[in-house]
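The chain below stands alone, shown as structure tokens; this is the form predicted on its own.
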Amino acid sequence: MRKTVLNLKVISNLQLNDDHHLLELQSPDQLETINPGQFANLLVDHSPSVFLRRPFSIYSVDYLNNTISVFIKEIGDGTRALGKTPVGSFINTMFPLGNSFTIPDEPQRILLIGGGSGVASLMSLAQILSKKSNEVSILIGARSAVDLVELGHFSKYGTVYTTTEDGTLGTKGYVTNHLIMGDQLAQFDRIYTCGPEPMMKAVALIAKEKAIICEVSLENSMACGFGVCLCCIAETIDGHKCVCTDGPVFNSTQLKWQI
């Protein structure tokens, strides 16, 4: 798939809560197919402390208006600068990068599990799975209710369940504490997950015990986006792999996680 580097115009910057933004970026050219799980590398302009691009999952794609949306959580100088990008300005963007989630050939019962900003890679996946008549359930975990964003958008494509560490919404605890991760898990044919690595490791272990196919989207630091800088290496059963080119999506059984 051809990689493109373009100056994309910011046509909306929606602040979801104190530190989360949803940027909608418009291409001057017709967008080619972007698959769920792929990401974009954004250049941070006018920042004396940020030199490398920042990777973001492509949250959604609108081919009619030639726009992509990216989910920004402000955690450092680079993401804070991007989160404050005004409408009408341009962001130099390299996309689409990496591989994608596997879409089953026939409708299946599927569970999506997102933690924190890891939900960003699951929105376009939920849309595609729903269009192909899969039965989709979505489990989203966060520290507190204020950190659970875009629940209404996700509910358009499946049944949404939530957990919060402080118990302010949904089940109290981690995603693995939710009832759906117990005996109910046997109803699912596949699990797709993205979020903090400890969460994904725990989900992968449960999926392995239940003999359920599980794909994970890794969030390693990815500076270059095309396998040159080697800062995103993951250890797999087939050796070391670049997350930005061989991933970010992997079958969980391929990763040499100590679980």
Partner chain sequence: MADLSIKVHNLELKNPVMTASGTFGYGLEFDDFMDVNLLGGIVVKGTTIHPRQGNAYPRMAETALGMLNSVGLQNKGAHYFATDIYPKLTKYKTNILVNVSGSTIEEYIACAEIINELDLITGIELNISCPNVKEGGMAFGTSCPSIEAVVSAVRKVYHKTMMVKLSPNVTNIGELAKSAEFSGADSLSLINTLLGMAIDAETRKPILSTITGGLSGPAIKPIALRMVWEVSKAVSIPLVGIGGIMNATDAIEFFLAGASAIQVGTANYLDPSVTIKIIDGIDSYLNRHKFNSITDIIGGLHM
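Residue numbers count along the first chain shown, from 1. Computed from a prediction, not measured in an experiment: that's the story for all the values here.
Keep in mind that the form predicted together with the partner chain is missing from the display, and what follows is about it.
> Within 4.5 Å of the partner chain in the predicted complex, heavy atoms considered, which of I213, I206, C224, I34?
Replying inline: Comparing distances to the partner chain in the predicted complex, the residue within 4.5 Å is C224.
> Does at least one non-hydrogen atom of I191 fall within 4.5 angstroms of the partner chain in the predicted complex?
Replying inline: No, I191 is distant from the partner.
>> Whether I233 contacts the partner chain in the predicted complex should be assessed with a 4.5 Å heavy atom distance threshold; does it?
In response: Yes, I233 lies within 4.5 Å of the partner chain in the predicted complex.
>> Does any part of Q254 reach within 4.5 Å of the partner chain in the predicted complex? Heavy atoms only, please.
In response: No.
> Is there any non-hydrogen atom of I180 lying within 4.5 Å of the partner chain in the predicted complex?
Replying inline: Contact check for I180: no, nothing within 4.5 Å of the partner chain in the predicted complex.
>> Is it the case in the predicted complex that R143, G152 and A202 each bring at least one heavy atom within 4.5 Å of the partner chain?
In response: No: none of R143, G152 and A202 comes within 4.5 Å of the partner chain in the predicted complex.
> For the stretch 63-101, which residues lie within 4.5 Å of the partner chain in the predicted complex by non-hydrogen atom distance?
Replying inline: Read in sequence order, the lone residue that approaches the partner chain (within 4.5 Å, in the predicted complex) is M94.
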